[in-house]
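A lone chain, given as structure tokens: the form predicted on its own.
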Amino acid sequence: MSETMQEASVQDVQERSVIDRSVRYPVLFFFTAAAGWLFLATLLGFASSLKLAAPELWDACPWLGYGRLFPAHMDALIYGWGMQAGFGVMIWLMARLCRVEVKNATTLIVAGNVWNVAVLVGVLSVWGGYGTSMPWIYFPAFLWPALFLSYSVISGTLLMMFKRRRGGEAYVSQKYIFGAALWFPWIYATANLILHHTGGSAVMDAGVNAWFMNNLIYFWFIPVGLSSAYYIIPKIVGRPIYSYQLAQVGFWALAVLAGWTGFNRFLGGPFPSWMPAIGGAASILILIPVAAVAVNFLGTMAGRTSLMHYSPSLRFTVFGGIMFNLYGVFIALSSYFDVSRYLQFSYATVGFDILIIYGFFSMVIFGAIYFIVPRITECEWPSGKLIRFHFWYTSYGIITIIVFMIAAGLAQGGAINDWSGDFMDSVRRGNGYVVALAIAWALISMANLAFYYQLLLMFFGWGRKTEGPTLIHKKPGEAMSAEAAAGFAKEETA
């Protein structure tokens, strides 16, 4: 029996190796392109924060105005980094879980180039003053069909892999990827068609814009992030997910509730009262999938949390999971009018958006990249020290943004609700916290430079070839896995 298991294990290793080779070039393309955009996005975030803290800075240069820097920063962060990094993770995970090879790697790379050209034109247009006034849809109207077409090609590949999958019931990670592949074209086309081609009222355009922002979070960033976390955590911990049934409940609760959350950004706004009320109620009920994820991850890691001391992927993923739960709690609280009256239309919304896009999604994706890239390049990350640097500087930056933006929002909200005061007083109260935002983006930029440097080395095959994975707090070769380093598995001897 042991001989049969050994043969099966060898066959599995060979099969995974073939699959990894088939996805190598498109996945590496998306990861490296995304990392380049990420570094640019964080630099733009730093520059826009400086401009916000010191409005008189660079007055002679229109290109360095906050109204151009911040939209360019967000679009580079969302479409340049976030979605492209997500594409790479989705392709690799779907191929591995479906146990199928990618047959159209060249097509995926061509679609990726179309995506990058469209994003480049969009960011330059926004930076040059030709963007729209709609958050997260700042790109000029003529660009959205190119992004839609590129995404459709990538999404079609994912759906075809799912159709050809081998095995029985789909894993929860596959379901989240399947959902994200289908949901984004719907929300993106719907928002752009209404905003750019129907000539609706300005009030409803703002509502559609808010609907798109929330659905992009709940129907794309969260599903892709959770698909990665549901794979990485059990894989590194060395045990199955705590409760598959609970994972199913979380998936379907998110699928049913997320589409109703859009108008909670306008509680008390100029809409029929039932619209923001439903949005607020749905945002509170989103605590159901949030709780399901928390229980599952805690149950899976019970007794093995020390693995985070050694595994880069697990450390980033767990940090992202904590941020996901914080986001769910904060959004649920802000869905009450007595809370939203202080936080709505303030710096706090910036903190919440960065919390989910960077604190949750990006950190989980970093964990996935640290896990995936050695498997498709057949070499290890050069430096565990640089990985620690990346983690801690990014973590400090994220926590700084969240804490100080919420504090700035409360300061602003208190002044705005004082009807006898001057509106500019609320601006001045909030601006005292903006310096922390610039410091945070500076820390994150330095962290991303270290990450980008190592990723480029891996891209060109210049990673470490010696035995043993790159672990935190262990020298190369000292342990053959995070489990062995933590004392949960015995080292294999020759």
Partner chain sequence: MKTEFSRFILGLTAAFALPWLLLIVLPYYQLSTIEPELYSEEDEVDAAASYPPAWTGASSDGESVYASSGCIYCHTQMVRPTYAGVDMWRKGWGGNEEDGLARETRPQDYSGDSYAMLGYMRIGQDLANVGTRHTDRAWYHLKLYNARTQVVDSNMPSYKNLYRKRLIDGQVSDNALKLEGRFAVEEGYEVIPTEKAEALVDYLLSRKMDAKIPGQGVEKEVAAASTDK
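Numbering follows the first chain given and starts at 1. On a predicted model such as this, the values are computed, not experimentally measured, just so you know.
Unshown form predicted in complex with the partner chain; subsequent notes refer to it.
A single residue from the set 290, 267, 97, 307 has any heavy atom within 4.5 angstroms of the partner chain in the predicted complex; that residue is 267.
Listed residues 179, 321, 312, 250 were compared with the partner chain in the predicted complex; 179 is the one with a heavy atom within 4.5 Å. Using a 4.5 angstroms heavy atom cutoff to the partner chain in the predicted complex, none of 152, 156 and 330 count as contacting. The partner chain is not drawn, but in the predicted complex it has a heavy atom within 4.5 Å of residue 427. Of the heavy atoms in residue 395, none are within 4.5 Å of the partner chain in the predicted complex. Mapping the unseen interface onto this chain, residue 340 counts among the residues with a heavy atom inside 4.5 Å of the partner chain in the predicted complex.
Contact between residue 205 and the partner chain in the predicted complex is found at the 4.5 Å heavy atom cutoff. The partner is not drawn, yet in the predicted complex one stretch among 170 to 178, 223 to 231, 106 to 114, 144 to 152 has residues with heavy atoms inside 4.5 Å of the partner chain: 170 to 178. Contact annotation for 325 to 355: residues with any non-hydrogen atom within 4.5 angstroms of the partner chain in the predicted complex are 337, 340, 341, 344, 345, 346, 347, 349, 350, 353, listed in sequence order.
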